[in-house]
Structures are given as structure tokens and as C-alpha cells.
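The chain below stands alone and is given as C-alpha cells, in the form predicted alone.
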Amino acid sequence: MQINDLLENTGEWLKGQGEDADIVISSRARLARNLVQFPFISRATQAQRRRLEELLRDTITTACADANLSYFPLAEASALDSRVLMERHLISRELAEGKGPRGVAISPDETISVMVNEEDHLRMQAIHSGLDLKNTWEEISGIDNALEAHLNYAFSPKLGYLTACPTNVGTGLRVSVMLHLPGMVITKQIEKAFEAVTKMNLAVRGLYGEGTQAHGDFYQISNQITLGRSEEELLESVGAVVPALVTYERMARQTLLKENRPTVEDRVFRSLGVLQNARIISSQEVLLHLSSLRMGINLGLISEIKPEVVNELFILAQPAHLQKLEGRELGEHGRDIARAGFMRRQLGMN
């Protein structure tokens, strides 16, 4: 598998399937692990990083053969290819923008990715469509067990798995869900809801995780700490709050539709009109309009466009994907023109 092959397919987590998929875009479980015989990445020499990558690449290929993972050495990849992987949520921004020996192994359906030489020696994740925390955790736990049979993880009987960042010490598990919450944003309930979430020791982040802002009414909810809590407790802490947010979002959408249907319809169809006719459009603006369009589809206002098409457009409209699809590198203005043309073609206009 090559990076260009990813553009020909839709990752499983973008297909709009699974429980509460109208609101819960995806569920993710990520584990952080380090090997006892190497220093943390921030203290490792280039030679150590190189040996570490070679060891982990060989081990991933051998131990996870059943998962059919393809390994991409990012030191050899272009900045554009690395950005594509980041936009697809297969690697972090840190790995995409990093230097030196590093890489990622990815499954054909993009549900699994194993990052090498990020902040920790290993960052492995499973990501599924909809609310599916249990199966997501079981899948990445299976990968972790397969690797641990061949590797000597840094582990303390008192503290648990040792990681570069203290917030990951313990289980090393970060559980997260990506939510689409336009109804709560429009009705101005979002801040109150997230105040309650943060009091439960959960973090709220933007579309691309830590350090990013929310765009297109997308938010990630995840646990903040892992020390002193079991994997089951972490899954429960995140899983317990999601149904309430889903309920509030559905109520907000229905209230908007009931009390001011013309305003909701105007918002939805105005966004559709912009996407079908714009000649220049930025990535941030396209996210906002796709957000309204997605809400309209899930409210039954639009039937000719499938939710999974809109999910995929959120990714394909991003700068690196757009340039890969165009087959050339573009400046910001050129991307805005190309993005508008791409949207018109995808949504049935010339």
C-alpha cells in the first residue's frame, strides 16, 4: 500500500456507520509505550532513534502479520505525504512535523495505526466509526499484546507503563470520541455542557486533538489522566458522558427544527448553495458549511447526499489532500480555488 492509495478509499471510521453515527463521528483508543533499553525520544540520539525504528518496524511486521499493516518510513516521506496522514487522523501533528527516523504502520481499512518515534517509542491507536469504545479498545489491546510478547516495555509495578508525558503514565491509554455538535453550538448550550465535562476530568479538544481549535462544530472528548485508573474505568468515564451529549444534541436539533424551521432550512440550504457554487473557499469555511450540510442530512432535510460522502469531504477538502488530488503543490489562494472546484464536482455542480 502506498500513501496515494489512501485517497482512493474511505477509511472505515469515515463511513458514518455504528451506534449514534449521526453525532458520534468516531471512537478511538490510543496506547503509549516505551522500551526499557532505550531512553525517551527527547533524550535519544539519532543513532538510538534509528536502531529503535529498525527494531520496532521489524517487530510490528512480524508480530502483527494478521493485521496486514503497511509501514511508511516518514523520514523518507515528503511533507505533503506526512500531512495527508495527519489529516486522515492516522498520525499526530508531532510525528508529521518531526525530524529523523520515525514512521507509522497502517491497516488497509485505516482502523489501526502504530506510530514509531513520536513523543513515545510507540503510539498505537484503533479508530472506529460511531460510538464503539469496547471494540476499539479490544482491537488495539490485541495489537499491544502481540507486540509486548516480543518487546520489553518500560513498566513500574507501582506506577504502571512509563511514558514521556506524566499524564500518560499508568495504563498509557487515551480514550476519545469525536462528536459533531452544531445544535448545541447554535443554541449556545455548548460551553455549559463542556464545563460539566471538564469537571469529570475529561478534556475537550478540536478536530485534530491536543492544541487544536474546534472547526465545523467538531469536538474530541477524552480522558486527561491514566495513572491510578484501570483501562475499564477509563473506557467507562468517557463512555458514560457521551450518551448525555448525544441526547442534548438531538434535543437541540429538534428544538431548532420545531421552533424555527425556516432558519434551520436557510442555514442548511445556504451552505449547500455555497458549496455547489463557490469559486473560492477556504478550508475553514468549507468545514463550517459541511457541518451545516451534515446536520441537514441527518435531520432529513436533504436526502440526495449520503452522510458518508460529507464525512469524506471533510478530509478531502483539507490542504494536503487537495494538493494530492490536484497532483501539484498549490499556494493558499490556489488551494481555495481548487477546493471550490472540487466541491462543485463532488456535489453535482460544474
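Just so it is clear, the structure is predicted and the values come from calculations on it, not from any experiment. Note that residue numbering begins at 1 and tracks the sequence as displayed.
Just so it is clear, the following notes concern the form predicted together with a further copy of the same chain, a form of the same protein that is not shown.
**Q** Would a further copy of the same chain in the predicted bound form be within 4.5 angstroms of a non-hydrogen atom of every residue among P319, F342 and R345?
**A** Checked in the predicted bound form: no contact with a further copy of the same chain for any of the three.
**Q** If we take heavy atoms and a 4.5 Å cut-off, which stretch out of 280 to 288, 66 to 74, 49 to 57, 22 to 30 is in contact with a further copy of the same chain in the predicted bound form?
**A** It is the stretch 280 to 288.
**Q** Within a 4.5 Å heavy atom cut-off, is L256 in contact with a further copy of the same chain in the predicted bound form?
**A** Contact check for L256: no, nothing within 4.5 Å of a further copy of the same chain in the predicted bound form.
**Q** Whether R250 contacts a further copy of the same chain in the predicted bound form should be assessed with a 4.5 Å heavy atom distance threshold; does it?
**A** Result no; R250 lies far from a further copy of the same chain in the predicted bound form.
**Q** How about I337: is it within 4.5 Å of a further copy of the same chain in the predicted bound form, going by heavy atoms?
**A** Yes, I337 sits close enough to a further copy of the same chain in the predicted bound form that at least one of its heavy atoms falls within 4.5 Å.
**Q** Might D109 be said to contact a further copy of the same chain in the predicted bound form, defining contact as any heavy atom within 4.5 Å?
**A** D109 lies outside the contact set for a further copy of the same chain.
**Q** Tell me, which of E148, E97, D266, E231 has a heavy atom within 4.5 angstroms of a further copy of the same chain in the predicted bound form?
**A** The option sitting close enough to the partner is D266.
**Q** a further copy of the same chain isn't shown here, but in the predicted bound form which of P243, G206, P166, G273 has a heavy atom within 4.5 Å of it?
**A** The residue from P243, G206, P166, G273 that makes the contact is G273.
**Q** Just to make sure I understand: among 136 to 173, which residues lie within 4.5 Å of a further copy of the same chain in the predicted bound form, judging by heavy atoms?
**A** Read in sequence order, no residue approaches a further copy of the same chain (within 4.5 Å, in the predicted bound form).
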